[in-house]
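Have a look below at one chain only, the form predicted on its own, in C-alpha cells format.
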C-alpha cells in the first residue's frame, strides 16, 4: 500500500534487466527514488550501477519486460535528449565540463546549443548563471576560466549546469572522490539544499561514511541483482560493506612494531619551496607507514621529491643507508623505488594498451631475448606470474586494460611496479575510485608484501585506511610532519579530529 503522505515518486523501475553479449549487467532490478529524496545507489564496481544510470538516461535500452516511470509517466523508449527534457541530469566523476570556458559559459552551455542555433547573449547567460548559483547558496567568479577553479568549485558548476536545464532528478557519480573533507562537507550541504528544493538526488559513492550521512535510503546491488533497499538510520559501514560484497570484511587494526627492523628509506630535512618544509621520516623493512593529511598538505609533492619527479631544494634521501638523488623516475626505479601514482588513469596505466603490455612496460629489459628483442615466452611468463600473484580478474591478457574494473586496474599498476623488484613501494592514494571489496583485496596484498619484507609508504586522505592498515601513521599539514601515531593506541575518531581540525 502506498503512503499517501509520502512525496511522489521521481523514478520507478520494475523488472529492469540489461544484457550485453549474453552477460547480465542487470537482472530483474527494482529501484525507486522519491522527489526531494537523497537516495544512495551502492555496490562494488561492476555491480550494475552505471548501467542502471545509462538506462534511465537513454544511453542503453533495457531488455524487454522492464517498466520505467519518470515523474509518474510510463516510458516506452528513452533517448538522452528525451531524458534531459524530462529533467534528468547526470554529473559524472569526470564532470564533462569545458576547462577553457568561463564559469558562466559552462553553466549556460546547454541553453546555448540545441536543435536550432541561436545567438549567444552573454549578459542574459551570466544573469541566469548567477541566479542558479544563488539558488545553491554559492558565489563564484562568473568570468573565471573553469581550469582556474579547484575541483570542489567545478562540482558546483556541474550541479548549476544541471539546474540550468531544470533538472528534477540528478545522478551524482563519485562526486567527492577528489575532495578534501572540508570540501566534501560543503558539497554535501549543496546536496541537502537540492533535496530541500524538491530535487531527487541519486548519490553514488564508495565512501560509506558519507553515504550514511547524506542518504535517507540505500539500494544495494551485487552482481547485477538487487540485494535490497535499506534505511540508512541504524545502518553501519561494516553492515553496508557486507551487503555490498556478500562477505564479512575485517575491521581489525593490522599494526605491528617494526622498530627493530633495519631502515630502508631515510628522509632528513627534505624541503621543496612552497610545498614541503624540513620533512624527516623513516620506513623500515616490512613496515607500512601511513602518511595522511588534507589534500594540499604536501604529501604527493613529498613523494615526487623522493623519486626525482620534483627536485628538492635541500635535504637527503637514503635507501638502505646509501644517499640517492634520482633525477627522474627511471633513476628511482634503478635505485629500488616503485611509485604507484594517485592518478592511475593518466599516470599509472596506458588505457588503450593491453593488460600484458601495461604489466611489463617498466621491465622490458628483463624480457629481452639473446638478440635484444622482446621474448613472447618471457613476457607471457612474467604476466602470468603477476596476474596470479595479485589475483587480477581478467578475461585475456591481450584485452585492453581499460576493460577492467577500478580495483583490477589498480592491481595491474601494482604488478607493473612490483615486477621491478623494488625495496621501497610508495602508494599514493591507492584506493581512489575503488569499491569496498576491492579495497580490502588491495590492503591484503599490501600486508602480504610487507610481510615479505617490502618497505611501504602509503599516502591516503582517508584516515580510516591508514589507521586500519599501517604500522605507524604520520600526519602532514602545511608541508610538515606534525604528528606521529601508533594505530594500536590511537583510534580513528582521535585521528580524524586532529587531521580535520
Partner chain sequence: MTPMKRIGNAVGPETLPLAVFLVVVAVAFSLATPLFLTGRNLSSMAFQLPELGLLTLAMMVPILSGGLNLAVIYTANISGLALAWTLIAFGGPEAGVGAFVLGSVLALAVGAAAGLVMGLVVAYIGAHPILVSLAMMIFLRGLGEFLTHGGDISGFPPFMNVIGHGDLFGVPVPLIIFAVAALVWHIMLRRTRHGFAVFMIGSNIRASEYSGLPTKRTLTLIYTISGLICAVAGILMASRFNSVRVGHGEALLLVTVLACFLGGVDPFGGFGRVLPVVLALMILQMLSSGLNLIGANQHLSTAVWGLFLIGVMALRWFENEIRQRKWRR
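For the two forms, the rigid core is made up of the largest set of C-alpha atoms that agree within 1.5 Å on superposition. Numbering follows the first chain given and starts at 1. A quick note: this is a predicted structure, and the numbers were derived from the prediction, not measured.
What comes next is about the form predicted in complex with the partner chain, which is not displayed.
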Can you work out whether the partner chain is within 4.5 angstroms of a heavy atom in all three of 352, 362 and 398 in the predicted complex? yes
Evaluate residue 277 for contact with the partner chain in the predicted complex, applying a 4.5 angstroms cut-off between non-hydrogen atoms, and reply yes or no. no
Is there a heavy atom of residue 318 no more than 4.5 Å from a heavy atom of the partner chain in the predicted complex? no
Taking the partner chain as it sits in the predicted complex, is residue 309 near enough to touch it, meaning that at least one heavy atom pair lies within 4.5 angstroms? yes
Does residue 213 make contact with the partner chain in the predicted complex, using a 4.5 Å heavy atom cut-off? no
Heavy atom contact within 4.5 Å of the partner chain in the predicted complex, the stretch among 322 to 330, 70 to 78, 192 to 200, 254 to 262: 322 to 330
Can you pick out, from 222, 416, 285, 168, the residue that has a heavy atom within 4.5 Å of the partner chain in the predicted complex? 416
From 266, 357, 138, 174: within 4.5 Å of the partner chain in the predicted complex by heavy atoms is 357
Using the arrangement in the predicted complex, list in sequence order the residues of 200 to 217 with any heavy atom within 4.5 angstroms of the partner chain. none
After fitting the core, residue 398 CA displacement of 2 Å or more between the shown form and the other one: yes
Take the rigid core as the frame of reference and indicate whether the C-alpha of residue 301 shifts by 2 Å or more between the shown form and the other one. no
For residue 127, does the CA position differ by 2 Å or more between the shown form and the other one when the superposition is done on the rigid core? no
